[in-house]
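The chain below stands alone and is given in structure tokens; this is the form predicted alone.
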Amino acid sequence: MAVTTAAPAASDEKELLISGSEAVAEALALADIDVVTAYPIRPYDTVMQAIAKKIANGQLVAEYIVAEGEHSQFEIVKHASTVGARVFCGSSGVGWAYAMECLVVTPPLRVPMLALVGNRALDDPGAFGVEHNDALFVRDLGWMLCWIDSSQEALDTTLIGYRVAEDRRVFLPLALSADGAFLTHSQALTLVPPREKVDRFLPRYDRGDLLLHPDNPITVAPQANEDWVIEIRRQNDEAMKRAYGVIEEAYADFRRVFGRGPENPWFEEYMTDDAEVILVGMGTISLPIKVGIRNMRARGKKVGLVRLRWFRPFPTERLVAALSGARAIGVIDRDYSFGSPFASGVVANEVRAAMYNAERRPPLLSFISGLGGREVTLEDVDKAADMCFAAAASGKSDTKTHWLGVRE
């Protein structure tokens, strides 16, 4: 499948040279958020600086609350959302971990908040460089998870994220993950749409009969015990299932209103039409992989890339269809899952699970690379692809997980 390219810039859009964090802030102003909470931890904190400037300059009218820590930060927006405010917050690394109690209770309370996770390594050892394990904390708890790889995708997905999360069929929180430094701080030309188009695409947040208000007495955060817990879990499961259709609707409407955006919301395919080997990854790891693929194509090696955008809900059927035609698959994780099957990263084991019932299951190899913000090099990409070609020739998966770019 070919990559869907953006339509030419419309005359009513402005082009700015901005970072991924600044692009999110542009989207937040266009979405007219009501409450934002902040607590500084790198590398997500640049989005809070950008929002603060917009409020100070009169470009956004919103409550900007500086909390004393990430726990309070997420509690504030959680409760603000229940009374009808469109909210935003975020964190990174151990800051995201510090808010875990709040993150756990947000999905079952059906709070459609949006949070930016500026992916960074967890302490110890301390590092500001990117790893995906921080956002992946919540992968099984009812949070939707999405990874972006450009400032344009950051802006667009923020608007789409509110549209999906606040849809009454869903009402689940979304963690928008941006690789620390590689995306949060790196600038690129980005199209910023006018407010009129955003208003056509994104309706106001409406909780309906779930609004917490003195005139509408409802129970929030009940102690259910064995009486209702499993039913509440099942309700969350059904909401996540409904999110598939809502996401596809939102992207289709985005293309209609803005004249750009991917046909396939779930993942990007790069040179996969005739690929014998398909590499899989998330986030800005796509850049070195794409360069590596072009170099390998020049040498006659048919390699392609599938870059996952949405990780929860996971696009099982579409991903299986995209990968089944390859002779071998290589998954490059920027995360780890110690003690997991095959000692693989999270994404590799998710892809294995997705392929389990497929009619055709190509050999799958798992790789871990780029932890702590280390560069994923062209040499790493070549090595992964060569090992996948060897697996394709033998018809067998290598059960060992290979760590790329590690000093011996």
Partner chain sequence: MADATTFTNATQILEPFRGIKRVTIEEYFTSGHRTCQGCESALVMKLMVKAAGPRTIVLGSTGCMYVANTTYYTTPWVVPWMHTQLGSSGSAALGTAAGLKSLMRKGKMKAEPINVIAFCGDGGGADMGIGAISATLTHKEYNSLILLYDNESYANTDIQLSGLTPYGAHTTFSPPGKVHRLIHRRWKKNMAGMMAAGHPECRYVATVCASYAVEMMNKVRRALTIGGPTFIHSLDPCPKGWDYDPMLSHEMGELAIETGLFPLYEVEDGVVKYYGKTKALVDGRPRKPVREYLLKQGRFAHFTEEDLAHFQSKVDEMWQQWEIPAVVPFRRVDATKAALDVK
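Keep in mind the model is a prediction, meaning the values are calculated, not measured. Residue numbers count along the first chain shown, from 1.
The same protein also has a form predicted in complex with its partner chain, omitted here; what follows describes it.
In the predicted complex, its partner chain stays beyond 4.5 Å of every heavy atom belonging to D156. Shown alone here, Y64 lies within 4.5 Å of its partner chain in the predicted complex, counting heavy atoms only. Though the partner is left out of this view, T82 does reach within 4.5 Å of its partner chain in the predicted complex, counting heavy atoms only. By the criterion of a heavy atom within 4.5 Å, D215 is counted among the residues contacting its partner chain in the predicted complex.
Only one segment in the set 40 to 48, 337 to 345, 64 to 72, 355 to 363 has any non-hydrogen atom within 4.5 angstroms of its partner chain in the predicted complex, and it is 64 to 72. Residue A224 is the only one of V192, A224, M240, L141 with a heavy atom lying within 4.5 Å of its partner chain in the predicted complex. Among the residues L319, V246, A275, I76, the one placing a heavy atom within 4.5 Å of its partner chain in the predicted complex is I76. Using a 4.5 Å cut-off on any heavy atom, the residues of 85 to 113 that reach its partner chain in the predicted complex are, in sequence order, A85, E101, V105, L109.
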